[in-house]
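Starting off, we have a lone chain in the form predicted on its own, written out as structure tokens.
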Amino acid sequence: MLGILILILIASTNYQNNMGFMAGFVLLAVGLLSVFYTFRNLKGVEVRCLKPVAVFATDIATVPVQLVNNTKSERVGFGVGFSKRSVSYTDVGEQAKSQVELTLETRKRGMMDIPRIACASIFPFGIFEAWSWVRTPYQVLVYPKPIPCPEPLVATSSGIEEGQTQEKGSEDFHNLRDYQAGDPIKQVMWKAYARERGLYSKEFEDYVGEHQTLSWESVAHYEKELAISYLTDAVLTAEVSQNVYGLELPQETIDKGQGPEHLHSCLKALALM
């Protein structure tokens, strides 16, 4: 644009053309205004990089970026992306927030660095571009890709019986104890009471759930990455089956447990192994 403007002004000077001068100065004014508003569209917007959620290898990771506009003017066409040539545009209202989710392709397990993030604007005329780079303090945790093992994994089990744990229940008689106020009438040992041996209540227990430890030894004969994927699949299967499970790795042992936090601990240990 600058070259065209110079040519117009030179030609207008040589030929004493007033219309050419006017067109040249109008273009100059538009250019200066464009530089000012393009830069102003980025100024004052706070960019917050949020912590990404862990994903499995080869899945698409999502990196949330929050834009906070604390000024009293709307920001239009605010671009966010990993490259200036590939940004997602969004508008941020005055004193408002907006969120953009960038995507990253994952390939292998472990902690994956997030590239620097470009914040760009070509508002209002698309003639000039202003940009700034932002670095996130976070990394993406990539779990190993789960692969079913072709043979059953050998898991050590414990409990009252093989693969079972004991919980207070109502099916199998377990013990007698002194009667306590509030005990169900049907659990009172009436025969003992009739023989003047005192008042007792019967306790019952149920055997529920699997109780197993998944060990590295069971897959150590496979190639390392394949063995990790097999253990990952076994951990997911145990969690879905609502079993109580633990994990024994060469450098780390995770006690038996269950639930999202326990699952995350096991998968993280496998990812960083």
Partner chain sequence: MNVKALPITRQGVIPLLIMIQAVVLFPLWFHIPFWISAVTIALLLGKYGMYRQGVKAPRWILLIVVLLCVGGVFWQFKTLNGRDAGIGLIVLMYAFKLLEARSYRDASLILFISFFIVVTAFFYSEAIWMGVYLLLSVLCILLGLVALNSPKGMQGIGSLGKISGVTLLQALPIMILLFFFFPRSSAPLWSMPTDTQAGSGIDDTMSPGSIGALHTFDDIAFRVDFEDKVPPRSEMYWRGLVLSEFDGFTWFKEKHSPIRQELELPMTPTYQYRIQMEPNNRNWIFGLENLAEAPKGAYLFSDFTWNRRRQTTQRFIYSAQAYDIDFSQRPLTEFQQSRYLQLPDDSNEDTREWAEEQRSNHQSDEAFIRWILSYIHQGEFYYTLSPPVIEIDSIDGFWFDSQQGYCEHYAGAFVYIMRSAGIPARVVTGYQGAEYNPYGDYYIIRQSDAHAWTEVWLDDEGWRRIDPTAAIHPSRVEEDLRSDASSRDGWMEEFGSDVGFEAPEGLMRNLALRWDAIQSFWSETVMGYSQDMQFNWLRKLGIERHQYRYLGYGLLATILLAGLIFGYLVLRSTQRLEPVTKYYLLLLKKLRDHGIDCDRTMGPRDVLQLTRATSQKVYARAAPALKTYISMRYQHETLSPEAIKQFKQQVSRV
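The term rigid core refers to the maximal set of C-alpha atoms that superpose within 1.5 Å between the two forms. Residue numbers count along the first chain shown, from 1. Worth saying up front: this structure is predicted, and the values here are computed from it rather than measured.
Keep in mind that the form predicted in complex with the partner chain is not shown, yet the notes after this line are about it.
This chain is displayed alone, yet in the predicted complex one of 58, 66, 70, 241 has a heavy atom within 4.5 Å of the partner chain; that residue is 70. Contact annotation: residue 101 falls outside 4.5 Å of the partner chain in the predicted complex, judged by heavy atom distances. Not displayed here, the partner chain is kept clear of residue 222 by more than 4.5 Å at the level of heavy atoms in the predicted complex. By the criterion of a heavy atom within 4.5 Å, residue 149 is excluded from the residues contacting the partner chain in the predicted complex.
Residue contact with the partner chain in the predicted complex: residue 251 places no heavy atom within 4.5 Å of it. Proximity to the partner chain in the predicted complex, taken as heavy atoms within 4.5 Å, picks out 28 to 36 from the listed stretches 242 to 250, 28 to 36, 50 to 58, 227 to 235. Proximity of 82, 118 and 144 to the partner chain in the predicted complex is absent: no residue of the three has a non-hydrogen atom within 4.5 angstroms.
In the predicted complex, not one residue of 213 to 229 has a heavy atom within 4.5 Å of the partner chain.
After superposing the rigid core, the C-alpha of residue 251 moves by less than 2 Å between this form and the one not shown. Annotation: Cα of residue 12 displaced by at least 2 Å between this form and the one not shown, core superposition.
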